[in-house]
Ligand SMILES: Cc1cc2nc3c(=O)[nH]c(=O)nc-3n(C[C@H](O)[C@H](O)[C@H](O)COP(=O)(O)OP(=O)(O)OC[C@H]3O[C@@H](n4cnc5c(N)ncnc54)[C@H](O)[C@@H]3O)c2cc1C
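Encoded as structure tokens, the following chain is the form predicted alone, with no partner shown.
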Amino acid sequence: MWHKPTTLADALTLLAEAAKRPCVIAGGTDLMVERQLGKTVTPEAWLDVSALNALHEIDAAPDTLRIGAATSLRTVARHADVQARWPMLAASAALTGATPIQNRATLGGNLVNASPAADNPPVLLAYGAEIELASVRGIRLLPLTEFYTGYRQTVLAADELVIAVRLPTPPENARHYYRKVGTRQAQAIAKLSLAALYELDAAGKITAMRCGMASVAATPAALPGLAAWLRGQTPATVDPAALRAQLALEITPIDDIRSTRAYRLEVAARLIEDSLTDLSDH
């Protein structure tokens, strides 16, 4: 059965009353890939949220950004406020597949799919994002760092829907670094990616750092230990060997068809080093 409600209240009621959670769908791009790979998806019911206007809104206030979960990645990438104040998000959305995919794929779908290789969660982790989870019981705000519980697993309850993502506005002096490493420029799943947001004091020492990495663990990784370790250091004097030792404490890459564990460990360290060099050069 295919449900396509036009109000959020109707969608949440459907979820609350369903004996078994319907398969929630918006752009459907991940589903297309699964079917192309021969994976059979036959839920008892579908919940199409693409007609919920409230999930397509972008609201950029002076201190926050709120993006509806069903907003397309193309819309996110081209939004003027996102480009100006959250440039890593504009960049990651623009690198998620090719343009036709970005026109259909949604920011909420990229989060809920819970792939450790997804392009946008690392950026959202670096920006300190919170997500809005709605049900007939109300709305709760949850830091993205608490959303993922394991490979393709989240805390999303059976009657809940991700309706929006909220990001605080970064400080004006914040430094943004984003890089995706893939086999090719377009339509490549990340071998690895890093998003990092730095703040430095007048002496050039790191006072705050927040980051996200893809494809280095079972979930998108926030690396709080690395951030704490870097605080107080001057980018140009960070010891590479010590950096690698710290990284090895927090990431657990695997060997798969896209890359090897050894490669990912080395590239992860080099991306952090590159982000530090970027700080020293500006």
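Note that this is a predicted model, so its numbers are computed, not measured. Note that residue numbering begins at 1 and tracks the sequence as displayed.
Here the subject shifts to the form predicted together with this ligand, a form of this protein not shown in this document.
Residues of just one listed stretch (197-205, 166-174, 138-146, 90-98) have heavy atoms within 4.5 Å of this ligand in the predicted complex: 90-98. In terms of contact with this ligand in the predicted complex, the residue from L226, L65, A221, A26 that brings a heavy atom within 4.5 Å is A26. Taking non-hydrogen atoms only, L156 approaches this ligand to within 4.5 angstroms in the predicted complex. Although the partner is absent here, R21 is a contact residue: one of its heavy atoms lies within 4.5 angstroms of this ligand in the predicted complex.
The shortest heavy atom separation between T106 and this ligand in the predicted complex is within 4.5 Å. The closest non-hydrogen atom of L73 lies within 4.5 Å of this ligand in the predicted complex.
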